[in-house]
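Presented below, as structure tokens, is a lone chain in the form predicted on its own.
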């Protein structure tokens, strides 16, 4: 072992457990998961307590993972998932409780210590060097040295190739990372983790940026690793993934364990009840509201190759869904209406008048609000506070003679934090320290403090837990009730069907189909999103 870097592979050593097949949990034990710890427990967290100033993040949490299983860890944003994972991986210390790994007490002191114990994590946002090849990225920060103290690239490349074969990758150790797809970069992260010989591999929202085909490939890799004896802790907000790939599910709520269940013996409704602490009788709080006059009209809009003659209208009190797959032109449509992209041809009308925004500021002045898909890079300023992020777009509302009336500004922010149920230590907390769902609520709250009457939501619930989704849906309904037109762009067909009055389907920059409320199914949306019979714009209004 290279003790200088805590390396876990010795020269000539092969990767362990290769070719071995362990029985899955649901093949050997269908009993409820609330029983005492199993003899094959590879990780046991007992009565873990973690306190932050003025806040208990984890309150006597118990979490047990068995060898060779895929164990899903669920909970709303702020439920304690990230804190627990950071304790398991040595980023945080804990105040009370015990952790055992392979039956031995383990006071995990730092991330290197966790890796030495066989615990590795693949974060949601991977940091790769595009100008490096796969080998250099896989060993970044853990480079192997030869007898003379020089980097042993030959050995590193050999080990990388072995790990790539282990997951059946379709690229080599010499491939430049900049040439890989998002899904292939995820595989590079898996390879980097496997080179540490993990007993436990933690995947944090691994499919957030993957296509359906890449998700299928990831699941194949997970099953392969599982058969080789690697234990997977899988964190995701996507229930369909959880029920397909996991053996057991542990749910955290408000810093406590709400329950642990065998996946084949539970269902979505039970998991949601554990996550939010009550029965969720209506996931989509849609209301049948009267529609007023047309406030937004788009006619034959073109934008480069992204938009090719798009026409539609949106009315007051209406939630207009826009469906489509990646590359359909949905985001480009939103950015063009919002003034961030210039149209090649066509016309936009707002309140019946021609509208040609030169910048997003023009769109904002005309009453258009835009909640972007990439909230971290396009919707937030990471080193500013919750208050500053929430009020920055409408600061003139609290200004007089060049001075900001701080008392009124702070009261508005307090009211919005309460209204949206934003989990924060206070308005002066840095936005970057909030969970993804709470960050999204701040972006939405920013526009609710203004006077917009056209709201464009671009993938508003991506990476957001079910409880936060319901809050976002409630705000959409509230906006429609107040007479705003809401455009909901989403890849979640169930979400579109549950919240929309009408749904427009886009494919290759065109509207291929329109559905009224109650007319469509998920299968039909997918059919028209992938091409259908071709563009049919005559039915749009």
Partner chain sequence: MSKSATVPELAASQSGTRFGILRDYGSLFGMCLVLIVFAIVKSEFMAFHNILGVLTQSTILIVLSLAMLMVMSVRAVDLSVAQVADAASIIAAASLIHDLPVWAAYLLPVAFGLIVGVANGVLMSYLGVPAIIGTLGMMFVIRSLELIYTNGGQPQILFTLPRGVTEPFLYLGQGNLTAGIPFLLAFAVIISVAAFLSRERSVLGRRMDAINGNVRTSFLAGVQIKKVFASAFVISGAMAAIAGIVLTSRTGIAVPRGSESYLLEGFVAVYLGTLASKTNRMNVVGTLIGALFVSFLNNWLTLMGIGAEYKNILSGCFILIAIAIGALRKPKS
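Positions refer to the first chain, counted from 1. Heads up, when I say rigid core I mean the largest set of C-alphas that superpose within 1.5 Å between the two forms. Note that the structure is predicted; figures quoted are calculated from it, not measured.
Missing here is the form predicted together with the partner chain; even so, the following discussion is about that form.
For the residues 216, 377, 353, 107, the 4.5 Å heavy atom test against the partner chain in the model of the complex is passed only by 377. Only one of the listed residues (345, 428, 288, 93) places a non-hydrogen atom within 4.5 angstroms of the partner chain in the model of the complex, and that residue is 428. The chain is drawn here without the partner chain; in the model of the complex, the stretch among 429-437, 289-297, 225-233, 260-268 whose residues come within 4.5 Å of it by any heavy atom is 429-437.
For the chain shown alone, residue 465 is a contact residue for the partner chain in the model of the complex, at least one non-hydrogen atom being within 4.5 angstroms. At the 4.5 Å threshold, heavy atoms of residue 395 reach the partner chain in the model of the complex. Interface membership of residue 451, defined by any non-hydrogen atom within 4.5 Å of the partner chain in the model of the complex, is ruled out. Residue contact with the partner chain in the model of the complex: residue 204 places no heavy atom within 4.5 Å of it. Contacts with the partner chain in the model of the complex, taken as any heavy atom within 4.5 Å, map within 387-403 to 387, 388, 391, 392, 393, 395, 396, 399, 402, 403.
Residue 93 shows a C-alpha shift of 2 Å or greater between this form and the one not shown [criterion: core-superposed Cα displacement of 2 Å]. Put simply, residue 93 and residue 426 spread apart in the model of the complex: their C-alpha atoms are 3 Å or more farther than in the form shown. Panel note: the distance between the CA atoms of residue 437 and residue 95 is smaller in the model of the complex than in this form, the difference being 3 Å or more.
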